[in-house]
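Taking the form predicted alone, here's one chain by itself in structure tokens.
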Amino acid sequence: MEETTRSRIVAAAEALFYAHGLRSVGVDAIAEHAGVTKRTLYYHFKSKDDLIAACLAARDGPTLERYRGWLGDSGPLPDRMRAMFAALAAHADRPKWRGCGFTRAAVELAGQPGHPAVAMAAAHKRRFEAWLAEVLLGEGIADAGLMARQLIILLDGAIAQMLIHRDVAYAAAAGRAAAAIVAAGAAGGTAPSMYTD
């Protein structure tokens, strides 16, 4: 019963935070949305900050699984990359889409680098980048770590631009760039260096 109540609070908070932002949503609104008392909420979470971190932790696995599904595991990797970005575009082409909750949390709390939600967002992005590197290594691509970093920059850049402009064409453009990078690596090339001496 307690875990059900905790999950309900997290789900309510997640929906409100995603729709309205972290700072603008109060504990009273979350408790009301979850159908619990404020005292019950604080029984499960010692602070709003802990609740924010719990919401991000709850989204970590499902977010990675969604992208794994979009990428798939059969067919040429450049085609799969284009498909992943196309799926992102379709996902973003909804009135209630608000971008990446992890990035939004890190940006909103940029002045509090020690905040547990910032740490959770950073950990999620590291896991996502490691997953991409693992996919690339599985395809025999050299310098998979650098290429994974380039791909996540394309992905997060596309998400930011779609959020700013409400135009999913940015995901398609990023998907073409991602496919070209991966194709070059699959052909025996290396990821273009992002660094200069």
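Start at 1 and count along the sequence shown; that's the residue number. Being a predicted model, the structure only gives us computed values, none of them experimental.
Although not depicted, the form predicted in complex with a further copy of the same chain is the subject of the following passage.
Of the listed positions (57, 36, 163, 27), a single one reaches within 4.5 angstroms of a further copy of the same chain by any non-hydrogen atom in the predicted bound form, namely 163. None of the heavy atoms of residue 12 is located within 4.5 Å of a further copy of the same chain in the predicted bound form. Of the heavy atoms in residue 111, some are within 4.5 Å of a further copy of the same chain in the predicted bound form. Interface residue remark: residue 92 is not counted as part of the site for a further copy of the same chain in the predicted bound form, having no heavy atom within 4.5 Å. Proximity of residue 186 to a further copy of the same chain in the predicted bound form falls outside the 4.5 Å heavy atom cutoff. Note that among 60 to 68, 36 to 44, 133 to 141, 152 to 160, the stretch whose heavy atoms approach a further copy of the same chain to within 4.5 Å in the predicted bound form is 152 to 160. Residues from 77 to 102 that approach a further copy of the same chain in the predicted bound form with a non-hydrogen atom closer than or equal to 4.5 Å are 82, 98, in the order they occur in the chain.
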